[in-house]
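Below sits a lone chain in structure tokens, taken as the form predicted on its own.
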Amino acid sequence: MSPFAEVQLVTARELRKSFRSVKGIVLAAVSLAGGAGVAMLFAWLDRVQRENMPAGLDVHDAQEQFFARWYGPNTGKRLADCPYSLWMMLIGTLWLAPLLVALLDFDAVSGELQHRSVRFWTVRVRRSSYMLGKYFGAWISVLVVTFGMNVIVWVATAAVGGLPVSTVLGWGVRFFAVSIPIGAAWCGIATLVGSQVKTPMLSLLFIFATFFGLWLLRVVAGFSQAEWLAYLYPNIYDDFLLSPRAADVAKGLLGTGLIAGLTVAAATAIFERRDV
């Protein structure tokens, strides 16, 4: 069997586990239900904001000023016409992504190490294919859940906010695309950390501790001269990925790609030499 086919096999199994297990079904249902409630709230707030805009103040100008303070003047101009509710959903997705990654990925490897079912796979597929399949399974699972939440927000924004469907879809897909490489980076970190222990609960705790540590580095970077520390935190790259400049987008893709690639490569290298 080719390595590509092996990765496909493990990935497909991980997806079935994610959406057929009780944990996966409950997590997906709660996420989608929460997304529905948040969608209605965001859409209503967006509509209220537009209807109660002070006389003489244009929505375009107000949003351009707001986003310019958040991202800078170039990105501020680009986002000036976006539905505010969809941008809030992007921020919510970026903050929720680490939680979803941790809950969906913490027992992917550690659970099979604990019960030694990993031995069934390591004699049938390459260890590198096994780890890559675990990684892609987690990443795709997170994307499916977050995409479902985003679709609910898109529908609510179009229905409650009264915005054209083309506008909602255009900005919605653009914002969701930003979360894809960032989610890949979070999944890579979780795969590396979670595969180091044989107890799922310890794996979950270590993943949360690592994510929190990366957030602390982001905070420290904001108060110090060591700005490079911030680039270890995947969510920092939304600034680059939302930029209208192709060079900035390339930097965002490179940064998240390096985090994902290096962590998965490290997890695979360690697993290759591990006694299972």
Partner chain sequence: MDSHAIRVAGLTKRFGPKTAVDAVTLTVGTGSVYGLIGPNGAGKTTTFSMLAGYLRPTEGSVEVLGFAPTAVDALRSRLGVLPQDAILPASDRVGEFLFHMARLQDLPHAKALEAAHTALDDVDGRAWWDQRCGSLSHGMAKRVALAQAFLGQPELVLLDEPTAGLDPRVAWEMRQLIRAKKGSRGGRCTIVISSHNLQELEEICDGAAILDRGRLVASGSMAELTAANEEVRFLVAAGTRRGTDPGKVPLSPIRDLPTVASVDFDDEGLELVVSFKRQEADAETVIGQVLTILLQNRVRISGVTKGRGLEQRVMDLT
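Please read these numbers as outputs of a predicted model, since none were measured by experiment. Residue numbers count along the first chain shown, from 1.
FYI, the form predicted together with its partner chain isn't displayed, but the following is about it.
- Heavy atoms within 4.5 Å of its partner chain in the model of the complex belong, among the stretches 108-116, 90-98, 75-83, 202-210, to residues of 108-116.
- Contact check for Trp171: no non-hydrogen atom falls within 4.5 Å of its partner chain in the model of the complex.
- Its partner chain in the model of the complex comes within 4.5 Å of no heavy atom belonging to Phe176.
- Its partner chain is not shown here, but in the model of the complex it comes within 4.5 Å of a heavy atom of Thr122.
- With a 4.5 Å cutoff on heavy atoms, Leu253 does not count as touching its partner chain in the model of the complex; it lies far away.
- Contact annotation for 258-274: residues with any non-hydrogen atom within 4.5 angstroms of its partner chain in the model of the complex are Glu272, Arg273, Arg274, listed in sequence order.
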